[in-house]
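Consider the single chain below, provided in structure tokens and representing the form predicted on its own.
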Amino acid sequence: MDKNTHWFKDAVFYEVYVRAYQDSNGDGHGDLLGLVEKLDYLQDLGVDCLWLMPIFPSPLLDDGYDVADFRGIHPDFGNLDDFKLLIAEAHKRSIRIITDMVMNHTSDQHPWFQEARKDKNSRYRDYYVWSDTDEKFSEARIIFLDTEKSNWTWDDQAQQFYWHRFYSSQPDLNYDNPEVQQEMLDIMKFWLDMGIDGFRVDAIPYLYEREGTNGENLPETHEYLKQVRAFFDQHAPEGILLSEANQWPEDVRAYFGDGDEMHMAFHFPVMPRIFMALKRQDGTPIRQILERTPPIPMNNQWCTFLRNHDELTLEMVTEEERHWMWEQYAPELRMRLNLGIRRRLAPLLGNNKAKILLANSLLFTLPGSPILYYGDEIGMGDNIWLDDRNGVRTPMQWEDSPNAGFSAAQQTYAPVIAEPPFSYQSVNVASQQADPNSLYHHIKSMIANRKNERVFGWGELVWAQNDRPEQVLAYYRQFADELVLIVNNLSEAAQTTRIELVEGMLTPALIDLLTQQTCTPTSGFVELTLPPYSYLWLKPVQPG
């Protein structure tokens, strides 16, 4: 692997649900050795870093985010030797690996909690947050509104209430306890010593509780994260911390600190606004949220995504926008969950290939490093009849053989999607690899072109002046003397637009990086006729 402490700024990430990817031993569950078998596919697609959802031992009441042992591997997925092999084989292919680090809470089955509830005098009692009343911290919102009525749950054995920001089976850790702080650093070191390249840190805003606050983004959280980062810089200078803070941009900005907290943070509010813009055929929501986004230090990076393993979250929109999004994208109640929508990318966009590609054009060209969710590169569907968020976590569709080539088992952990138009017989990797005009090949081309241009990872965004500012979202990505002009037609109708060119674009021709077609500017402008839902990545062609 190249020595490069800023590799993440240019990287394309890929989120893998190990259980869903490839089953190597025929037990119906994807596993680490199955993922090893598919590394060549991921390398060929152009992926730089895999983010693995939790693989720790767990009762799986929250798909592994309820951790029962931070230093092991769930037997469904394999063992520590399998994990070491995965890291070695991935690194051979210049692919890095990060995993989920669930810092905020454990499972109630974790030995720490079992000891804590047994004995008030146990050292582990103070690993969690307890109270004789359920009225403390009353200003903290309930996140899982569909299932939880309170952030406190009574424990008969302990004879006290314990605090949890998520499911009641996930008691929150007490970060006012220095032992808890140290435990987390020790756990991170355990995995870093194994060769892992970093962590996606789950639910980071909620580490501390303070009366009279909403219990989010507290100063104490940032003080602790600075300690974590200093530890990282010492033990893993090339490792990264990716923050999951579903907050407004100005609140997330704080998680970068002065370049001394998280390396990366998800830009949650951009995501729903991409869907808003596509439905309204108007780029204003994207423009507004990016204009509201503060600058970040040069050694940091945003992380962007269209979909992931959770619901399409609508926490960072107004109530009016949330209800509009539900009406537009989740007309059936079954499609809604908590404050979001449990659907995959292709069904959300009506299985319209042009729209799916346009959404990906935005993903790959807006500021930040993009994350692809497994299966979205082929336009997989979902199963809204499965519980919770399991409908977007179905087996990967490799080919049109039984179980989509995912597993030889009689029964898989979840049914493979068999209903048209997303059935594995018609939507699978093999058929798309054989079709040069498939979604897969278009996305592979976007990844390759993105990686050739430093403007995408390092450059700033400058809006391009054009006479169709709502329907045509046009912007420059600029780094040093490099420039690319991105033009996205968000409309279902063809648009002719005249775009004002900045100085570096005033060359005899502009070339589209994706198709190699050229267009000719005239007197400081370029005039373009864009088919519905189309996009151009234009670069100046230098004379000679």
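As the structure is a computational prediction, the values presented were derived from the model and not from experiment. Quick note: we count residues from 1 along the sequence shown, nothing fancier.
Keep in mind the form predicted in complex with ligand GLC is missing from the figure; the text below concerns it.
The stretch in contact with ligand GLC in the model of the complex, judged by heavy atoms within 4.5 Å, is 58-66, chosen from 38-46, 471-479, 493-501, 58-66. Remark: residue 309 counts among the residues lining ligand GLC in the model of the complex, judged by a heavy atom distance of 4.5 Å or less. Residue contact with ligand GLC in the model of the complex: residue 170 places a heavy atom within 4.5 Å of it. Proximity of residue 110 to ligand GLC in the model of the complex: non-hydrogen atoms within 4.5 Å are absent; the residue sits far from the partner. Contact annotation for residue 393: at least one heavy atom lies within 4.5 Å of ligand GLC in the model of the complex.
Just one of 244, 76, 261, 209 comes within 4.5 Å of ligand GLC in the model of the complex, counting any heavy atom, and that one is 244. Between the options 91, 253, 136, 389, the residue in contact with ligand GLC in the model of the complex by a heavy atom within 4.5 angstroms is 389. For a residue to qualify, one of its non-hydrogen atoms must sit within 4.5 Å of ligand GLC in the model of the complex; all three of 105, 166 and 202 qualify.
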